[in-house]
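The chain below stands alone and is given as structure tokens, in the form predicted on its own.
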Amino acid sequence: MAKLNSLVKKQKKSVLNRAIDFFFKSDYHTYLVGGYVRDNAMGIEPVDLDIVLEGDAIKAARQLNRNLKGDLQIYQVFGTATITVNNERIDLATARGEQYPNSARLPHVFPATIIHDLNRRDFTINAMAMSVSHHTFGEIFDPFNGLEDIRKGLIKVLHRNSFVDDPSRLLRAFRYKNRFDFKFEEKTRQFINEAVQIKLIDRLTGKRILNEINLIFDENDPGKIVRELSMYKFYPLSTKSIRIIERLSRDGRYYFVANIDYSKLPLSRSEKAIVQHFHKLDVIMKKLSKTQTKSSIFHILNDLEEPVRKAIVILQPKFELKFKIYRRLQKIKPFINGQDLKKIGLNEGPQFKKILSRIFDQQLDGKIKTRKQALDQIRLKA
């Protein structure tokens, strides 16, 4: 943490440096918090730039942005703001306390001190702050011994009701554990097992669950996290399914969703199609393995969403040739259309689609090579 001064000197023109310089010269009591402090302590280049201040964060954000001249987004309801400058982002928030009315419900928040703010956080390694105010510059606030837990390699909750207050912390715990190769502190492990028994995860909305699933698959090794979630009985999966997810890595998010109860997840129409195809992946691959004609290869693969096609090649490299065939077939344009059928004298109706499909299949298979042959074939059958 003592490296803050040298870090700032190296980044004289950075957004971080300019923000710190602003708050150092201001009267605000301001702190770098959360991921920035944690990662800096671990020798990891920080990605998150979260600033908490005791006072009006929105007012401070407007003042800071006069210097930064970035894109300012205000979230009045939450008392927060975001400034983006050249793809660098600073999140500012008013220090606040929380009261949870019920498990898994969003808390009531109120302005408070930095200590109150740290008290509402999830794990000790995220409950630290570093002052960037002139009167306490560089001072570390670590009320829960997060630095010691980093040294020991522990994921530890702040209190026994942490998961009850916010069950999404359960999934977050596994993300941090695997990202940093830490282990669960003994009582935290006990709380996790208790959470499984009372099915705490089920109290979350589908939106929050889906958000956590997406964050899991944004990690470098999501398969490892999924394996542990299965071992702890959060989302029990077969060994085969886990191995598939491990092979697909970040691309395995929809396969994972397809193997759990996704009924309350707010999936888009396209996402539902992807999940449903992944649900039938074994059947699809069996059909693809048996088919030989170009038209059959085209229809099997063309009906799938791109993430499913990509996964099939990863899981079964033997299909690479059929995928190359499919990519070539994608470029083929039908020789004829509905207007051509009308000119021949056919009445428009359901048979149009069947005729066009049959002719196009023959075109894909190389049995019809010109537009004339296609039209002759239709006249012959008419």
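The first residue of the shown sequence is 1; numbering continues from there. Keep in mind it's a predicted model, so treat the numbers as computed, not measured.
There is another form of this protein, the form predicted in complex with cytidine-5'-triphosphate, and it is not shown here; the text below is about that form.
In plain terms, the part of the chain that comes close to cytidine-5'-triphosphate in the predicted bound form, with a heavy atom within 4.5 Å, is 165 to 173 out of 165 to 173, 264 to 272, 303 to 311, 226 to 234.
Although the partner is absent here, residue 179 is a contact residue: one of its heavy atoms lies within 4.5 angstroms of cytidine-5'-triphosphate in the predicted bound form. Proximity of residue 322 to cytidine-5'-triphosphate in the predicted bound form falls outside the 4.5 Å heavy atom cutoff. Of the heavy atoms in residue 334, none are within 4.5 Å of cytidine-5'-triphosphate in the predicted bound form. In the predicted bound form, residue 54 stays away from cytidine-5'-triphosphate, with no heavy atom inside 4.5 Å. Within 4.5 Å of cytidine-5'-triphosphate in the predicted bound form, a heavy atom is found for every one of 35, 38 and 122. Only one of the listed residues (188, 126, 259, 133) places a non-hydrogen atom within 4.5 angstroms of cytidine-5'-triphosphate in the predicted bound form, and that residue is 126.
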